[in-house]
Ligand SMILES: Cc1cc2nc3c(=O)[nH]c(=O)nc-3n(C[C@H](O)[C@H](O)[C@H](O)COP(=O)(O)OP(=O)(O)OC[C@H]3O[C@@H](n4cnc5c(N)ncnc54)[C@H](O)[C@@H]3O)c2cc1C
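Next comes just one chain, in structure tokens: the form predicted on its own.
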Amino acid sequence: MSIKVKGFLKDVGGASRVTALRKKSIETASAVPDPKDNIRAVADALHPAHMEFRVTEIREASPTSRIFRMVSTDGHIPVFQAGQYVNFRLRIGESELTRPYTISSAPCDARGEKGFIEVTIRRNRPYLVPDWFFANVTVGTVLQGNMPFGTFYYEPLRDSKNLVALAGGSGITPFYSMAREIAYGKMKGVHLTILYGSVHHSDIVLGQELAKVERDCPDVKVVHVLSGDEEWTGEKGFITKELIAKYIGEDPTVMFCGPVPMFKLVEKAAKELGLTCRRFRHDVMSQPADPTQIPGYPLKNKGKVFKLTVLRGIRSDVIDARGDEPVAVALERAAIPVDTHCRGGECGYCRSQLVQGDIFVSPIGDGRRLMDKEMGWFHACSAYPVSDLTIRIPIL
């Protein structure tokens, strides 16, 4: 590609020429407004505000996990990257909840006339939304939601071709999507090594699916690390600094997705291995069921119940809020609409204003702007009451 230089005066005078052309266009334009906005139309198609997904297939991914395959009811699935998520809007009882789930299928699966997406949901302990999915979602169920969201994906302008994934439990889902895209899609030239921590070989989420991709594609390698299986002959224990160093290779990009306790260990190991922030990234992590796992959480707060005054326009509601649950959970329990997406404090969809009282904000994934911190704004999905509160939330 060559650039034509017209001369110093003509080049530096380009802005004035553009201004003159714009002024002329305004003077000669029609007085009747044109409501068509081509850019807005393209944006809406790429990122629709509302979608419907029909479940077409449900199968086991492990004894505690299920894969839900879905198609869009209008036939259109927006372009997405391996590692992004879909946000479902669910009505459970009197409450309307939003929950994110990583798309475990690959972008290549969504292309063509029979395109689909899949989410893999684990229920290894009682938990509201997984329990609801397992009990209520069947083939033919239509779910509300939209996609895609998230920035946890491979970016060739930033990341190296040597991609190392560290996963724990259901945190395998974004990496399974990447593995499929490498094997059958367009992530050409990328070599993916997955270090996957599980407890027992009998309950490895997507174990058979990972094995097939590894057989089909020499650029995908899966190393299972089991912490509670005496019969296992492969890597045992936890994903440590030594284990990462064993498989990391040269010039790696390391990506992590898993539970908070595992993140603490992996983050420490990454620093000791000298990985820069640019080369070590983690997915948005939902707040743990046990908040004492969060660094800095005030232990005296656990089990306490506070009064939460919620302002929405001219309306005011007073509800109970537990000190060991995020503010968003208290709002959902009281059937007060709150729009959450990432559930980890990063995206800002549940941005709310603290009018009075004290909160503890999880430092993991705190995505607030500096000005928000100074002016008393917080993200309801990652903030815990420390006293009685008064907050102001958007009207939905």
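None of the values given here were measured: they were computed from a predicted structure. The term rigid core refers to the most C-alpha atoms you can superpose between the two forms while keeping them within 1.5 Å. Note that residue numbering follows the sequence shown and begins at 1.
Omitted here: the form predicted together with the named molecule. The next part is about that form.
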Check your understanding: Any chance all of P100, P130 and S286 sit within 4.5 Å of the named molecule in the model of the complex, going by non-hydrogen atoms?
Key -> yes
Review point. Which residue among R125, H76, R215, R278 has a heavy atom within 4.5 angstroms of the named molecule in the model of the complex?
Key: R125
Review point. Which of S198, S170, S105, Q81 has a heavy atom within 4.5 Å of the named molecule in the model of the complex?
Key: S170
**Study point:** Exercise: R333 in contact with the named molecule in the model of the complex, heavy atom 4.5 Å
**Key:** yes
Check your understanding: Is there a non-hydrogen atom of I67 within 4.5 angstroms of a non-hydrogen atom of the named molecule in the model of the complex?
Key -> no
Check your understanding: Any chance V329 has a heavy atom within 4.5 Å of the named molecule in the model of the complex?
Key -> yes
Practice item. Indicate whether the named molecule has at least one heavy atom within 4.5 Å of a heavy atom of T120 in the model of the complex. Key: yes
Practice item. Would you point out which of 286-294, 308-316, 246-254, 180-188 contains residues with a non-hydrogen atom within 4.5 Å of the named molecule in the model of the complex? Key: 286-294
Check your understanding: So which bits of 72-86 sit within 4.5 Å of the named molecule in the model of the complex, heavy atoms only?
Key -> Y85
Point to revise | Did I248 shift 2 Å or more between the shown form and the other one, C-alpha, core superposed | key: no
Exercise for review: Compare the position of the CA of I294 between the shown form and the other one after a rigid core fit and state whether the shift reaches 2 Å.
Suggested key: yes
**Study point:** V55: Cα shift of 2 Å or greater between the shown form and the other one (core-aligned)
**Key:** no
